[in-house]
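The chain that follows stands alone, in the form predicted on its own, written as structure tokens.
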């Protein structure tokens, strides 16, 4: 059976690459620390020696819109083009082509259906920065096959936080059952408190620093009971209009299981808090 080598949950700030590769005299003051923290986080994946990546993200209205936005979708392509024109223009993210893994995609899709998750699928999925930014930060050589999973964190009505946790547990079961000797890592990106286009977007911190502090603590300690007792669609909306991306981090903790994280770090970055969490399930690389 396959080995789940590591589970990573992170934010996906689209300006990371541009901010840390600009000439030194043009970089923001936080850039050197940001780069150091990301490179330390990257090592948590590298030492797990993954051979295949399950990537969890969300489409930022690049392919799916309010007229047809799937709650959950899995990519089933032999390869994935990445980076849309506005991401190149605004964020300086280059184009990518990632290898797919059709066998695990098909196995995952069937397993999810059997567990009551009626996934949509795509044979022509193009990836946006919710997946490419974690590739840039954790596997910049982009040399491993990926199985991309998209969730709906943007287009109401949204699945519940409990549904995201349950989906993570289902994905974990399927990885454990996959008939392969591959070392698989799961990497997912989402948000802490975040405001997009609203009055709290450009504060010196994220819109709700107290939620950020609690969220990192809950993820770091594996405290799913506290998350499900305190996090609702309404509470996330009060913390910022895009805070629902936190549900993708709940999903990643579901894949890991309710266990303490082996690595936890964060960075306050003017309008947002960045988070970097890694779990090593059941005796994987420590």
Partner chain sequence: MSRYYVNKFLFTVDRDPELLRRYKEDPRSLVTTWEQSIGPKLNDVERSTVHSLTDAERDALINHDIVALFEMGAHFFLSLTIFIAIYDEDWMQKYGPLSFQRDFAKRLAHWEGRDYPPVGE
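Here the structure is a predicted model, which means the values were calculated and not measured. Positions refer to the first chain, counted from 1.
The form predicted together with the partner chain is left out here; the points below concern that form.
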Could you tell me if residue 86 has a non-hydrogen atom within 4.5 Å of the partner chain in the model of the complex? yes
Residue-level contact is defined here as any heavy atom of the residue lying within 4.5 Å of the partner chain in the model of the complex; does residue 66 satisfy this criterion? yes
Heavy atom to heavy atom, is residue 214 within 4.5 Å of the partner chain in the model of the complex? no
According to a 4.5 angstroms non-hydrogen atom cut-off, is residue 118 in contact with the partner chain in the model of the complex? no
Complete contact of 55, 99 and 263 with the partner chain in the model of the complex (any heavy atom, 4.5 Å): no
Single option in 235, 241, 27, 220 placed near the partner chain in the model of the complex, where near means a heavy atom within 4.5 Å: 241
Which one, 182, 163, 172, 200, lies within 4.5 Å of the partner chain in the model of the complex by heavy atoms? 200
Of 153-161, 74-82, 136-144, 100-108, which is the one stretch near the partner chain in the model of the complex, taking non-hydrogen atoms within 4.5 angstroms as near? 153-161
Residues from 45-64 in contact with the partner chain (non-hydrogen atom within 4.5 Å) in the model of the complex: 60, 61, 62, 63, 64
